[in-house]
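Let's start with one chain on its own, the form predicted on its own, as structure tokens.
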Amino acid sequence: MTDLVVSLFLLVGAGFMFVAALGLLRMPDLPMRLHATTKAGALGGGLMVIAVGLEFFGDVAVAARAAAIIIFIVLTAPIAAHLIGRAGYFVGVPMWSKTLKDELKDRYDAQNQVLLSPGEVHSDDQPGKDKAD
């Protein structure tokens, strides 16, 4: 019975990893590729590590390592994807031509490399500020 469950986790995990790879190849720009690879990749990797933990069910050291790997994947994958996407946006990686919404478009000051909060205005756009400064 354990072999069947382990096999199921491995197959489903491999399926999610395949979807992540497919998303990497098929999506048109960096944010969409990151979305596909982060979600499906983390889930696929997590399922495969669960399968390993189940295979060595009686070994506490393997189970602890599997739990640590899953926690590491869940904690770091979204943060890494966010930072890669943010860096890609700031260095000017082009977005897909059919992207409908760019929430950062008027909030990023490329000269000073500052991202403004919603409602905050550029220092050059403040009233009374001379544009020649």
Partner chain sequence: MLEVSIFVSYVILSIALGLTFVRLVIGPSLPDRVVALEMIATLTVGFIAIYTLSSGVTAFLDVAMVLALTAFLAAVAFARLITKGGGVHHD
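All values reported here derive from a predicted model rather than from experimental measurement. Numbering follows the first chain given and starts at 1.
Another form exists, predicted together with its partner chain; not displayed. Remarks below refer to it.
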Check whether residue 76 has any heavy atom within 4.5 Å of a heavy atom of its partner chain in the predicted complex, and answer yes or no. yes
Would residue 113 show up as a contact with its partner chain in the predicted complex if we use heavy atoms at 4.5 Å? yes
Is there a heavy atom of residue 107 no more than 4.5 Å from a heavy atom of its partner chain in the predicted complex? no
Exercise: residue 57 in contact with its partner chain in the predicted complex, heavy atom 4.5 Å: no
Any residue of 53-81 with a heavy atom within 4.5 Å of its partner chain in the predicted complex counts; write them all down in order. 55, 56, 62, 65, 68, 69, 72, 73, 76, 79, 80
